[in-house]
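Just the one chain here, the form predicted alone, laid out as structure tokens.
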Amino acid sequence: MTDHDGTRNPDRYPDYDVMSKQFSPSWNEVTRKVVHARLAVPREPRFFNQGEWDTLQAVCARIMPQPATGAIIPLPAYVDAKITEKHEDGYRYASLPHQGEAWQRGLAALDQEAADSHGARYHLLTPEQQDALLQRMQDGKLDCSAWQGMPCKLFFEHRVIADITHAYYAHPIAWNEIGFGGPASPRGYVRMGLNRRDPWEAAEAHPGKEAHARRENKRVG
């Protein structure tokens, strides 16, 4: 998991790489196609225009900070893909419009709030100013006309947080951080009880047992 400054903790599951499973008995062809499709999501926007994209990138960077170096999970691209490819939630609050319209309206409103408060668009603000606006959104205290009646608190809870965090943990880089083995097809899981681990699952490094976890994770497949 990332810390508040975007630092990942690679030591919790040392030397674990979920992608080492891709040609092992743990994954079949269907699983491989699903994972590879996630890795191949286009990095350029297909639904959002450039202005919306600038704001979305800034919002994602504040909600889920990532390291300055190393592999980056393309969160804005995943949000864009969810809308473009019509991956719906299966439900919708009556006061929130469809996910695409909700995002466009929310990003435009955030830019308007930034301009009203600081005279610049959201992505041009300092991190502290950006966080302060997100906090006011979370508290339901933003109310410029660009919201068009959409409750900012509901948008924050059910679009901003949900879509961005779900996007993060849909990516194999995040799976390495939490020791997740990816889709369990066809192998599945057998040891379902608390504190039990199938031999093809990642081993967590407990204090004093880091070397053991490292050895276990090198043969996970």
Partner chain sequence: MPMRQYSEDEAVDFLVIGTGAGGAPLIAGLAEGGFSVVGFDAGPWFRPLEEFASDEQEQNKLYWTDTRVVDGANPMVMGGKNSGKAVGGSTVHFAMVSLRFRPDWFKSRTTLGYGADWPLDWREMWDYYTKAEQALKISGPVVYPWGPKRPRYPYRAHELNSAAELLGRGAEAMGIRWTPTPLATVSAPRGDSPPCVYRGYCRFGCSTNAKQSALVAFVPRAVKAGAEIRDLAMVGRIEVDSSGRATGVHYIREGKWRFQRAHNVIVAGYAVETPRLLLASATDRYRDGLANSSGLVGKNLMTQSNQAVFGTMQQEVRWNKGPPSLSLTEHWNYDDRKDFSGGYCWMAQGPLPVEWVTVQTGSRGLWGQKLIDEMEKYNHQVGLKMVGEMLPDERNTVTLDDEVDQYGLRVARVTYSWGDNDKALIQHALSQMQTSLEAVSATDIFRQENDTNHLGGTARMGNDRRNSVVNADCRSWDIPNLWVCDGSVFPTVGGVNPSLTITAIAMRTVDRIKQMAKRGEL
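Positions refer to the first chain, counted from 1. What we label the rigid core is the largest C-alpha set whose atoms superpose within 1.5 Å from one form to the other. Note that the structure is a prediction, hence the values are computed from the model and not measured.
The discussion below concerns the form predicted together with its partner chain, not included here.
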Residue contact check: residue 15 to its partner chain in the model of the complex, 4.5 Å heavy atom: no
Its partner chain contact at residue 85 in the model of the complex, heavy atom, 4.5 Å: no
Distance check, residue 202 to its partner chain in the model of the complex, heavy atom within 4.5 Å: yes
In the model of the complex, residue 177 touching its partner chain (heavy atom, 4.5 Å): yes
Heavy atom distance at most 4.5 Å to its partner chain in the model of the complex, all of 100, 104 and 150: no
Sequence-ordered residues of 27-65 touching its partner chain in the model of the complex, heavy atom within 4.5 Å: 28, 30, 31, 34, 35, 38, 62, 63, 64, 65
Displaced residue check between the shown form and the other one: residue 30, CA, 2 Å or over, core reference: no
Did residue 185 shift 2 Å or more between the shown form and the other one, C-alpha, core superposed: yes
